[in-house]
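The form predicted alone is given below as one chain in structure tokens.
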């Protein structure tokens, strides 16, 4: 992937971010019998009709496309929970509410492939989009006010949000570093010059007679 193969490119494409999110576990309800599936990432199943089980999102989508299961939407995707999160996001301009790291990608994949399994799907979609927009605005506001070349720490930021702000943060820190470096060099040169003058002004020790 571009962001991994080229160290100078820090921005993943939306497709790459979504691909990484497909390893998140989700709950499905199978409608067929199937033996356990063994993958490098783990073992999933047995699959028994009407018995919920957790599988990676990519596998859940593949089974859903074949009519082999239905989704159980994650608890955070309920209208009540999303409404509370949106209100809390709007109330605080400095903190972010806890959501799954890939909440945007998980929601998008469920809307695309399992919309018939999501209660109040139109309201849920609208709330997720509103939460995303509010959080992005807060990120822009907070990052516009940070200073210095130290690390930037913001809790509960999602994969999509990190991916969007990463290039800006990198460029900003590089600009701060370049701005601070001449002053650091001048200070270092000043200290070196002062130490040299002090050394020259020290009284010389008399030489021992042989």
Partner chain sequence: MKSRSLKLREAHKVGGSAAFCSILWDHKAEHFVTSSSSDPSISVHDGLLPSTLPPTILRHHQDGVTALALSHDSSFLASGSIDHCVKLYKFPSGEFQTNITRFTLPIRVLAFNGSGSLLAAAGDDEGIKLINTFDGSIVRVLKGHKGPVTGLDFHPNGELLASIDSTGTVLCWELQNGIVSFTLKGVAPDTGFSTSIVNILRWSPDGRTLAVPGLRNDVVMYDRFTGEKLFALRGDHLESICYLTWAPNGKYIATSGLDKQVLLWDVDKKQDIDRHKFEERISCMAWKPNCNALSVIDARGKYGIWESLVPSSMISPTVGIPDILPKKRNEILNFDDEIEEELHGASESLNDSFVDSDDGESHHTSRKRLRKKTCIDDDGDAYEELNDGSSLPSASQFRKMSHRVHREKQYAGSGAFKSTAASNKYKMQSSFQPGATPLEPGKQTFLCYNMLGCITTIEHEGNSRIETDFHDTGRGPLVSSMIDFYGFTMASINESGCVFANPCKGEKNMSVLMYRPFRSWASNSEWTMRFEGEEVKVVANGAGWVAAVTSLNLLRIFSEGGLQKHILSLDGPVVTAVGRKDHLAVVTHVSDCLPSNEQVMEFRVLNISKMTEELKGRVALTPGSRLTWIGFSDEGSLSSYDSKGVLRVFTGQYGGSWIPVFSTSKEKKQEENYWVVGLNTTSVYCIACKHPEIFPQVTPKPILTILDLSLPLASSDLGAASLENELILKQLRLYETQQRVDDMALAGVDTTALEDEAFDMEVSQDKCILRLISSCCSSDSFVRASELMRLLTLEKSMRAAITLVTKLKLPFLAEKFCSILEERLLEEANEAITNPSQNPNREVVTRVESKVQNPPASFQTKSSATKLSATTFVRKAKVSEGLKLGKEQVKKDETEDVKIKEIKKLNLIKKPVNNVNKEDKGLRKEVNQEEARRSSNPFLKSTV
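Positions refer to the first chain, counted from 1. Fair warning: this is a prediction, and the values are worked out from it, not measured in the lab.
Although not depicted, the form predicted together with its partner chain is the subject of the following passage.
Taken together, 82, 84 and 97 are entirely out of contact with its partner chain in the predicted bound form: none brings a heavy atom within 4.5 Å. When contacts are judged by a 4.5 Å heavy atom cut-off, residue 50 counts as touching its partner chain in the predicted bound form. In the predicted bound form, residue 159 stays away from its partner chain, with no heavy atom inside 4.5 Å. Although the partner is absent here, residue 72 sits close enough that one of its heavy atoms falls within 4.5 Å of its partner chain in the predicted bound form.
None of the heavy atoms of residue 141 is located within 4.5 Å of its partner chain in the predicted bound form. For the candidate set 154, 29, 63, 164, a heavy atom within 4.5 Å of its partner chain in the predicted bound form is found for exactly one residue, namely 29.
Contact annotation for 79-109: no residue has a non-hydrogen atom within 4.5 angstroms of its partner chain in the predicted bound form.
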